[in-house]
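Shown next as structure tokens: one chain only, the form predicted on its own.
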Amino acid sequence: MRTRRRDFLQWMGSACVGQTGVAGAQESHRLDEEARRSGRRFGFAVHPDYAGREPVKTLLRQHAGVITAENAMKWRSIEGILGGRDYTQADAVATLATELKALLRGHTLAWHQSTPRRLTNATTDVFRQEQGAHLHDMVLRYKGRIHTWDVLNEVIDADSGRNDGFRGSVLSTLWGGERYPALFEQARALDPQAKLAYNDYGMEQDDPWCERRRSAVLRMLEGWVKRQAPIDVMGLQAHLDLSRRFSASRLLKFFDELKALGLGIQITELDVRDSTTDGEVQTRDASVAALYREFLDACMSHSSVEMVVMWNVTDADSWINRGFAGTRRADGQPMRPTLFDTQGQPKPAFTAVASSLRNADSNFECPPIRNGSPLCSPKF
């Protein structure tokens, strides 16, 4: 795979793909249509603040078969600082998905960072009542419209020193890590047709930290499956980074282990950081495109990968370039993590992704129905 990336970089450099050439590729390759060739879907996470403005509006119409609520369905976005609930933005994302005839992913029902601050020091009984009520109201409000719920988000910390591998947080403390499966049980009872996912980051690349996280997640999921928790999907955020190596064989081994548990796989928050890559924009873009191609070629070779969702549409609205988002480039330039530049023009990454989707060498196979899991066929 390292050789393939070098070959791709050389091809990108020799082809000298300009905006005209890549834009032409966009006209001939609509990404969700390419994904459908192998029974998969493709889409984007969006927020109403930019989803209705150009160029994002047109790009979504051309390429989106899946819509994820970036922040609008998170608990802290629904509940204001002074209390009360405002579903305006969440409803807008759901309406957008309907207008686009796209699948809707709900993100997320339980996440330590989206828990209202007022509950930080709540008693266990109060917290569990409030978390349960929030899940109840969200699932029922969007029942029949959600393809997949991210029921639980980012509870693993393989370096926490805890025997269970859980992150120390308001959730593990007040809800209780041993009670995480109850969130899935409640969601399944409320909406039997929605797929239910556990979503997390840092498991996609060839790095000891990633390997520790893969191992911790597998231990957790194995316990849940043994308990017959109604979980259907592992959501891999896939915030990739050029500073880390990638190994297709390691990723596919992880996918095989997830498949053996009866779980489908969704790529839920894909982008690529180029924070440490030197060179001009053309060189950086070629490196980003090569990693996209290498990663998605591996994903598209595995039958359990159901969909690919980009985290944001253009470089202008990417969370990586919005405010403080971790590592910044030393030269002060914004990163170029998405498929489209700040003007909405397709970049070499677009061509790379379209090629991976178009040339997928394995069709998605719905996992067997287990523990009340929904059928795949009505969802496509």
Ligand code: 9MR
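In case it trips you up, residue 1 is the first one in the sequence shown, and so on. As the structure is a computational prediction, the values presented were derived from the model and not from experiment.
Although it is not shown, the form predicted together with the named molecule is what the next lines describe.
### Message
Within 4.5 angstroms, counting heavy atoms, which one of the listed stretches 34-42, 64-72, 349-357, 334-342 is next to the named molecule in the predicted complex?
### Response
This holds for exactly one stretch, 64-72.
### Query
Out of 241, 191, 257, 154, which one falls within 4.5 Å of the named molecule in the predicted complex, going by heavy atoms?
So the residue touching the named molecule in the predicted complex, by this definition, is 154.
### Query
Of the options 215, 275, 282, 113, which one has a non-hydrogen atom that comes within 4.5 Å of the named molecule in the predicted complex?
In short, 113.
### Query
For this chain shown on its own, do 148, 195 and 306 all sit within 4.5 Å of the named molecule in the predicted complex, going by heavy atoms?
No, the whole trio is out of contact, none within 4.5 Å by any heavy atom.
### Message
in the predicted complex, does residue 287 come within 4.5 Å of the named molecule, counting heavy atoms only?
### Response
Flag for residue 287 set to no.
### Query
Could you tell me if residue 328 has a non-hydrogen atom within 4.5 Å of the named molecule in the predicted complex?
Outside the cut-off, so no.
### Message
If we define contact as a non-hydrogen atom of the residue within 4.5 angstroms of the partner, is residue 322 a contact of the named molecule in the predicted complex?
### Response
Residue 322 belongs to the contact set for the named molecule.
### Message
When the contact criterion is heavy atoms within 4.5 Å, does residue 293 count as touching the named molecule in the predicted complex?
### Response
No, residue 293 sits far enough from the named molecule in the predicted complex that none of its heavy atoms falls within 4.5 Å.
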